[in-house]
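Heads up, the chain below is alone and in the form predicted on its own; it's given as structure tokens.
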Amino acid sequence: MDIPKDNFPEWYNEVIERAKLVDKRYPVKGMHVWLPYGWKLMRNIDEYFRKIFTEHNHEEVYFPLLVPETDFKKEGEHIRGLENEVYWVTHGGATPLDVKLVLRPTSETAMYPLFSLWIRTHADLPLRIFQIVNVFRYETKQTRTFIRVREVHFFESHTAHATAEESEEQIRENIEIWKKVAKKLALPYVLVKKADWDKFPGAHYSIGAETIMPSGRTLQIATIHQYLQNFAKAYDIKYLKEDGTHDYVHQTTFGMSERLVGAIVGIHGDNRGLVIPPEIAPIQIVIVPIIMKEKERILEEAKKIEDELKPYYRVYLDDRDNYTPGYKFYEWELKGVPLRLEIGPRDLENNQVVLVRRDTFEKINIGREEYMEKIGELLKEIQENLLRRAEKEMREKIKKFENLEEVKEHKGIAVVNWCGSEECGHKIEELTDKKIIGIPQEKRKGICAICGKETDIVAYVAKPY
């Protein structure tokens, strides 16, 4: 890498480009082309979403991209939050449309008119669905690949329940699902409840999973929303209860996006490039033959190793003739492949291979009779080490402050006491030039940083992306 990670904004752009995750030269600002390596990474994450949500009794659907303006505007509070962020389709060819269409910014307004047809009685509940689609936001701020874009690769689950208690149970289940997702991606996070002025438009409350990037800025990488009956009343989603009366359903949603890839790039990468957690890496093991002599025999053995590993791992044999081993080492380190397997003439003589970890660069000589077992152990160790290391780095960036001037200078999450009033909350944001990114579950007695009132409410204050 030409740019050190200390210069995070430029490093981030360089590593994405050189690792060939996406091509940013598409001629529409804020939209990029996923390249094969980046798309494999995103697809691995998608497939885990499919697996875990299916295990939790969700079914996959796929809704159309376009939403009629009439449906889009039914939920007033939702629209007030999104009206300046949507793309409108106004013509079909040269003919103006009778009803304008919106490119979905999220899918509530696309799905919920259908929910009102699908849900009739208590026997239709709970309804749990998810989809993986692209959503569109007219982003006016500076775009940044994966983090702030205009076309977003998006995962969303939507549920409907008979009672508020059942929807709250779904929220708790979503939090447990998120824990599994974060562990799979080796991403550290804090869970916070969003301030009322920062919750998702139309939600009763919103929960955000926030991580801290190397720049010290926070990145929201998942959101869980409790809607209660807010959207159900707007879209007339009712069900017949067992006692013969009707009631509106209670709803929740859960959203994640390609921001997860941005978090993986930023949090785990180093001065040599990407470092990708083994469980979602496009290539878990790259085999590099070290050919100085006995070319045919080394290649034959490398191919044999590839065949042995393929049933169990995502493996790639780099047998290109026109590149040196050193060039290949550099390239695969840049792409963040968790484990490199080298085999050369000396290894043939000793009936061994050399394993090199991407996270620590530790080299291990291991006999052929035990290398398969060792690979499994190493991939697990790398996964755990990446998460452990990232959690430690994040914890070091979360600090308690009494003085708001110090909050202003802090790179990371500042913990301050707050009385909970919107007036004092906005004043904290104004004086620090940062945002209250949310309220954690933890309580701490103190006085509000603005009004001096005694309180046990803690606010997390940071500069978010």
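Throughout, we count residues from 1 along the sequence that is shown. All values reported here derive from a predicted model rather than from experimental measurement.
There is another form of the same protein, the form predicted in complex with another copy of the chain; it is not shown, and what comes next is about it.
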Suppose contact means a heavy atom within 4.5 Å; in the model of the complex, does that hold for all of A162, I207 and A234 with another copy of the chain? no
Which residue among I398, I52, L35, L431 has a heavy atom within 4.5 angstroms of another copy of the chain in the model of the complex? L35
Partner contact for R43 in the model of the complex: another copy of the chain, 4.5 angstroms, heavy atom: yes
Is there a heavy atom of E308 lying 4.5 Å or less from a heavy atom of another copy of the chain in the model of the complex? no
Consider H91 of the chain shown here, and say whether it contacts another copy of the chain in the model of the complex, taking contact as heavy atoms within 4.5 Å. yes
Determine whether any heavy atom of D359 comes within 4.5 Å of a heavy atom of another copy of the chain in the model of the complex, and answer yes or no. no
To test your reading of this chain, name the stretch in 192-200, 99-107, 259-267, 325-333 whose heavy atoms come within 4.5 Å of another copy of the chain in the model of the complex. 99-107
Counting only non-hydrogen atoms and a 4.5 Å cut-off, give the residues of 2-40 close to another copy of the chain in the model of the complex. D23, R25, Y26, P27, V28, M31, H32, V33, W34, L35, P36, W39, K40
